[in-house]
Ligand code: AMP
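The chain below stands alone, shown as structure tokens; this is the form predicted on its own.
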Amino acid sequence: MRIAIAGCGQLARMLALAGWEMGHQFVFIADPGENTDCVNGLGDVVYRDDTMSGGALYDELGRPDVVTVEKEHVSVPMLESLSDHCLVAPSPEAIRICQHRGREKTLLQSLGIATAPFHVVDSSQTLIEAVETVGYPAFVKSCEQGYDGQNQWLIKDSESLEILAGRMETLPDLVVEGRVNFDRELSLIAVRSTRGEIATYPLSENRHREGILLTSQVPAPHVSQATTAQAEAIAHSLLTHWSYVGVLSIELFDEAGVLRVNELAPRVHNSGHWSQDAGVTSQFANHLRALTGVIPGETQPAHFAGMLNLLGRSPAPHLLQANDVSLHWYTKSIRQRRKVGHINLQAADRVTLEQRLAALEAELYPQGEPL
């Protein structure tokens, strides 16, 4: 099949690399000025033009069988116009909801899915009222374009609240979240096919540094059957609600086994990269299987698996000599805090996996050194 991907970053790259093995061809939709280094050589690139009709863009893309996304911040009107000509998956509506934190949390609330206490604000007065309602500390996030710690603020006291309130005229709509006393952050990668078959990967435990994902390990330790069932019920509720097609990623707060949804991503996700080398069908392959009408493949690894992000640095060659690691490089230029690649690890037992992750992290990110 010919598959068009909206976006030209590392997730598009890894989707295409997985799809090449399956015999698919790819074309990429780039925003004006978007960097295409990650996908160079993997297919044609078509730059989006807002004046172009859906039919004209569809023809320019080579009449793809399906259109998908590697990021949620894409033009929904563009996707809607393409849906008149081929399958667009996930649906434009799912992407519209997920690209705005306020809409996303409101939907979750309507489905009875727990989130942190929240308020959507659009003025200094509503910001102040919301923070006074949820109390300190409050977490304030841009409704759109806030990721990897960007466009997010921790409000600890009235002084920091006044500073942010003074900037509201220059800021987009924000979500104010109350504090959640969670023990750890988990994520669930789920996939649903065009025929409605659903599969889920094991819950991943994720560790962040300076607001950016640093490591993931699977299966997450000390997860009860009840917690797993709760996560899977959340996934089934969302996938069914949207008649979703493809991979949906669900970030979760774990409060002693009780889960709240932090964020959704209507795409493959950083915390699922471990699946590339764990002896299962990777999240990238399963996303493509779902789009093309194939039943999801195996999602349960036989051993323990982990992932370490490479943030603004490349690994020394000796780190890659061990037989338990695999490097995935994105062909990006290196700059501070930028995701330029990741290392996947496998181990026969959890203790070994955690020791290896800790050793790699210590060498790549010396204690106290900023990203």
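For every residue, the number given is its place in the sequence shown, counted from 1. Only a predicted model underlies this, so the values are computations on that prediction, with no experimental measurement involved.
The next section is about a form of this same protein that is not shown, the form predicted in complex with this ligand.
- Here is the short version: of E144, D277, E185, E80, the single residue with a heavy atom within 4.5 Å of this ligand in the predicted bound form is E185.
- Taking H241, R195, H208, K156 one by one, only a single residue has any non-hydrogen atom within 4.5 Å of this ligand in the predicted bound form, and it is H208.
- Using a 4.5 angstroms threshold between heavy atoms, E263 counts as touching this ligand in the predicted bound form.
- Heavy atoms of Q152 reach within 4.5 Å of this ligand in the predicted bound form, making it an interface residue.
- The closest non-hydrogen atom of R101 lies within 4.5 Å of this ligand in the predicted bound form.
- Not displayed here, this ligand is kept clear of P296 by more than 4.5 Å at the level of heavy atoms in the predicted bound form.
- Heavy atoms within 4.5 Å of this ligand in the predicted bound form map, among the stretches 296-304, 283-291, 175-183, 157-165, onto 175-183 alone.
- Residues from 223-253 that approach this ligand in the predicted bound form with a non-hydrogen atom closer than or equal to 4.5 Å are E251, F253, in the order they occur in the chain.
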